[in-house]
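Shown below, as structure tokens, is a lone chain in the form predicted on its own; questions about how it binds or moves come after it.
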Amino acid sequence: MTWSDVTLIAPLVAALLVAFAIIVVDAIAPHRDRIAVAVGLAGLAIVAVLTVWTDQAPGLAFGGAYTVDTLTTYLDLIFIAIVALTVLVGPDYLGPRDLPVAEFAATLVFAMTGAMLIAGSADLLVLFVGLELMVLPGYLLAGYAKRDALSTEGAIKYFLLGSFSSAIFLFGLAYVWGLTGTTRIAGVADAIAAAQGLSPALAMGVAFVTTGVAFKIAAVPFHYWTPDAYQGSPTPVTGYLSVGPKVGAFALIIRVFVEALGPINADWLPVMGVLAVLTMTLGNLVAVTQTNVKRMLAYSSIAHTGYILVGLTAYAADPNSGGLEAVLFYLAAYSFMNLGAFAVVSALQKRPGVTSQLDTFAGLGRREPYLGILMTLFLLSLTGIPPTAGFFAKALIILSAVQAGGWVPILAVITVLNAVAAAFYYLRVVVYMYMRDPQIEPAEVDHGPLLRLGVAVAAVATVILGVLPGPLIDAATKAASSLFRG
């Protein structure tokens, strides 16, 4: 280890110290949730500054096992924003249920370190370690309300299927390692390029890897754990699970498929195309039938995975189509608008016993104008209506599919049709908020300043990325251009 290595991993080290600091503060001043949250947010700000600072001198660390490039920085900042928003939203929901806030914040930061390690991985083994560091805290968070039977059930399903998928993914990595003789991502790409084709053995390894990551992103037909895990988890946890592990899993896909398996992109192209169609179509069709908003957003999350896979397919068909840039933009935009939607659901469920059924939203626009307006904004963005972040996210995905040529433009048509279908169940919630009267007298929503701040930040980001998407598009383009392409 050299000082250069330490400098490059400074954000990771800082993130671990932030998590430990939250635990120490909680031990010294127990039940002082706001202090723990303040320490966590201040620490995350320091991590963000260090992340930007290390980007000024990119390079490889630990003999080429870890890399700092513009893509690493871009993804790390998304992870930090996701965790910061979740930490803001969480206390108002967890406090009334006597669930510890400090441990919640610390667990989120530990999960973030795993995601950051994935973003900078230049070695298959380091990448797998980062994946496990990210998902293990997720299992804990899914069962955070341990006295809730639904939470326990969802956590067990998430843990068992997540463990199986990790084993399948690791088996695939072992195949790739054995056939190429290296775990370095650049070395794997060089070995595959030298082989000039996809051998049957390598095809088996790629199949295992694809299956493993398909579980992590909840792609159809590997999605069935998602609705139960999301519905049973505490709502702030559901918001995090819908974006944090998804962004981390797509970071893994970019490092493995775009970099390591880049020379055989024509071979995994049809697989990604089929997964994209199945995922977005089934996710939207099942979401239409849901009367529970949390479960609806869970299936919606599956559909958005399909949209992102369209961008990845477009890149595989033509690296100059803008597909990778569209994927990176979509990950950032989706994080803010989906976290915002779950934050509003958390606000409504602050008092124990309040469900997330559609009836709970009846009349919300009149009795809570602030939450009603912001929920409408997030739902419109998820639908893809301008001028919101979701519009440009979908537009970039569709344009990349059109520009890819071949059969890929068919995916653009299917994406548009799915977006139209999604508008039905998103706007149905808006109808309930403004055109339905509550069947029973609803309890007043007493949301605190932290939750209001979190919702406001998500709303501002959703609007800014819709009105002025240029800076983020430029950042996504720079991140994509810095990527080693095999």
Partner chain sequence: MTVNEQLIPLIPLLPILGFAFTAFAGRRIGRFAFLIPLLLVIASWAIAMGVVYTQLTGGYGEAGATVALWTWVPAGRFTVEVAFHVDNLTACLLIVVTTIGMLVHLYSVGYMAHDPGRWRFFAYLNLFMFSMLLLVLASDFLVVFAAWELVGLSSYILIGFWYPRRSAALAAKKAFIVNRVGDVGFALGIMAIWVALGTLDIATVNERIGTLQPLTISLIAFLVFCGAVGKSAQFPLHVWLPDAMEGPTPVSALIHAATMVNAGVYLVARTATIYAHAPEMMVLVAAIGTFTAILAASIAFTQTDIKRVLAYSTLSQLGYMFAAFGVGAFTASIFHLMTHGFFKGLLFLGSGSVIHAVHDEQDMNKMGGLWRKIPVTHWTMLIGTLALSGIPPLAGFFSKDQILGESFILGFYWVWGIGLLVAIMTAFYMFRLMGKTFYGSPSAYAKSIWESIHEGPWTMLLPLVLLAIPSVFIGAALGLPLADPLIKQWLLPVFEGAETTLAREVPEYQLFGIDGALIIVSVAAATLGAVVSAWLFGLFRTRTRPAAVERATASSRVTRFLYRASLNKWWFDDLYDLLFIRIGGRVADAIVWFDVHVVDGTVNGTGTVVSGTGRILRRVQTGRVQNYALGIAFGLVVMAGAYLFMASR
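Note that the structure is predicted; figures quoted are calculated from it, not measured. Positions refer to the first chain, counted from 1.
The same protein also exists as the form predicted in complex with the partner chain; that form is not shown, yet it is the one meant from here on.
The partner chain in the predicted bound form is approached by Thr210, whose closest heavy atom lies within 4.5 angstroms of it. Contact check for Gln196: no non-hydrogen atom falls within 4.5 Å of the partner chain in the predicted bound form. The closest heavy atom approach of His223 to the partner chain in the predicted bound form falls within 4.5 Å.
Residue contact with the partner chain in the predicted bound form: Phe110 places no heavy atom within 4.5 Å of it.
Between the partner chain and the residues Pro100, Pro270, Pro319, Pro409, the one pair within 4.5 Å by heavy atoms in the predicted bound form involves Pro270. Listed residues Val286, Ile192, Leu173, Val345 were compared with the partner chain in the predicted bound form; Val286 is the one with a heavy atom within 4.5 Å. You can rule out all but one of 277 to 285, 128 to 136, 375 to 383, 75 to 83: in the predicted bound form, only 277 to 285 has residues with a heavy atom within 4.5 Å of the partner chain. For the three marked residues, Asp228, Tyr299 and Gly466, a heavy atom of each sits within 4.5 Å of the partner chain in the predicted bound form.
Of the residues in 157 to 196, those that come within 4.5 Å of the partner chain in the predicted bound form through at least one heavy atom are, in sequence order, Lys157, Leu160, Leu161, Phe164, Ile168.
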